[in-house]
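The chain below stands alone and is given as structure tokens, in the form predicted on its own.
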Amino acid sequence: MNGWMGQILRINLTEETVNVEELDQTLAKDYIGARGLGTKIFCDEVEPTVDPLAHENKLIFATGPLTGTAAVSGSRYNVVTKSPLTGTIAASNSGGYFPSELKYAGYDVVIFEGKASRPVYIVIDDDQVKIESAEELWGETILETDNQLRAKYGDNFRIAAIGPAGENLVKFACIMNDRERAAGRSGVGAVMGSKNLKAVIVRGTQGVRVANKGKFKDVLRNCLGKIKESGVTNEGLPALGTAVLVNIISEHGNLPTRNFQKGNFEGAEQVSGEALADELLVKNKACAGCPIGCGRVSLVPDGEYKGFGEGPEYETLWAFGPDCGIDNLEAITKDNFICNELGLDTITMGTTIACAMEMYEEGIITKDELGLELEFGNAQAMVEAVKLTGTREGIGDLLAEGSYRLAEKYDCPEYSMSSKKQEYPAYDPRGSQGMGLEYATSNRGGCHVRGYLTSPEILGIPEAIDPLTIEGKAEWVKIFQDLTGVVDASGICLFTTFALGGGDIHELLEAVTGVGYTEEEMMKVGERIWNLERLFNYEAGVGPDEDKLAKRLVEEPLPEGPAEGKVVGLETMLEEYYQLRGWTPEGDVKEEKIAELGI
């Protein structure tokens, strides 16, 4: 096989057995890899009704055929499992260097099943795979775990691990690789913790076979040219990282503020990418094979928020900043560092705190219950709340369940800004209608990286469309969702699509794999992945009735700014979306569609 390594590694943690299986070439072509192939294997092997934290749930690491190649930003992998936060299927994406190393060790997919009787970590050294005791590592932070394993095995190994949040089954715990790269959403770290699996370390010495090297070089040259011509990938992201969006989104009036009560934040300048670059930035950082380098390395040199590490990026700056009513850049950056150490999803963490802050200010939850004066703008209380969540101490035990369960406990679920129990990212859909439809229909709950409509609605890429209208948005969302499925399955970074289109991705896949895709067939793979995920969710009990938004977004107009007076016109968009998907008017996947896609 070209592009694929042709092998699946299966590790049964209960029985402590290791087996290597041959990758089915038909499945590889039909689902490409990473999110697609991982999802297909998961759906074939796991009952949808499984308890996400039970040993019957499985955890799958999956790379794509472009992972580990010279393809632009070909450095991604997906973690597929059933989410403890949402009860839906989870496919959490991460970059860095670990994904390529896993590929070089000879594996497209690693399946973890069962549960170890004690804390363990896995050592993958090409075809040598061992299960080792992690009892001395249990309880350690991500950084300390990484340091100890590097001291024992050397710097040639790449490491993915969980921190205390994963061990304590925080429902939005991450898996962190290369210290500060995160498979960040949906609680995949909690599933890893439920299996007593502390870390996976890997070293590989094999290369990835390419079908047509000459064509690949030509396609790659063309793609790199487009990356260099794009103002986003060659200027905005390298200069300011994803935080370049803070001022842009604020100017458009859809920067969610104080738990989505407003769409613009008076302190946006103080927490912007420009402020980060001026005050705290040490250097840029890139994943393997990435010409963009959007990562930030930052330093808070002294004071109560002293720290050093990677980040923060846009979503983190927003979640701990405007959404919590905080303009203290050092406190926000400190929270980012703490989340990296403990292994916490910064989006859900920050928005859960924002939910608690509004409930506190409305008198729904008291200081005695919180142990903190958790009001909007209180940076010290926010930082303390993050620490408590990772260890499930005090109020942290409730915050660790996410905003939906927090608000539901007090009979006010409407304060949770989430869909399917996963919190929204940093775009108020009342000022970006397409994002509203994406949030509602996303198979893993509130999410922006399953169909990033901010690109055309706000950035004008690939073309500018009116963010405040609902017309045509269903078609845009479907196309973006299907294309994103392909991108995630291929093993390249979604940020490349600011410069590259479906045709470019098709050419990369064809040059590397040589399987004979047409572009239309490639897009069918994205549609196949989307429909398979939805079918799993339906059988898991998360049906079309969950294609909805938080009450605030459809009933409470934005009070000011460019989108003043707007709510999300979800009902009309949803009707058109179901029709374009070829589903029933109620949102069920038709048998004809299942047959058409060969699911």
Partner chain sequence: MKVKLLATLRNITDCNELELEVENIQEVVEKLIELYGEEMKTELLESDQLDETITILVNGRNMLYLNGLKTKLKRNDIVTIFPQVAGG
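Positions refer to the first chain, counted from 1. Please read all numbers here as calculations on a predicted model, not as lab measurements.
Below: the form predicted in complex with its partner chain, not depicted.
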Inset, instruction - State yes or no: in the model of the complex, is some non-hydrogen atom of residue 252 no more than 4.5 angstroms from a non-hydrogen atom of its partner chain? - result: yes
Legend entry - its partner chain contact at residue 562 in the model of the complex, heavy atom, 4.5 Å: yes
Legend entry - Interface membership of residue 334, its partner chain in the model of the complex, 4.5 Å heavy atom rule: no
Inset, instruction - Give a yes or no for residue 481: in the model of the complex, does one of its heavy atoms lie within 4.5 Å of a heavy atom belonging to its partner chain? - result: no
Legend entry - Position in contact with its partner chain when the complex is considered in the model of the complex, options 158, 181, 444, 448, heavy atoms within 4.5 Å: 448
Inset, instruction - Counting non-hydrogen atoms within 4.5 angstroms of its partner chain in the model of the complex, say which of 127, 397, 384, 274 makes the cut. - result: 274
Legend entry - Contact at 70, 501 and 505 by its partner chain in the model of the complex, all three, heavy atom at most 4.5 Å: no
Legend entry - Segment that reaches its partner chain in the model of the complex - one of 243-251, 326-334, 76-84, 148-156, heavy atoms within 4.5 Å: 243-251
Legend entry - Sequence-ordered list of residues in 296-330 near its partner chain in the model of the complex, where near means a heavy atom within 4.5 Å: 314, 315
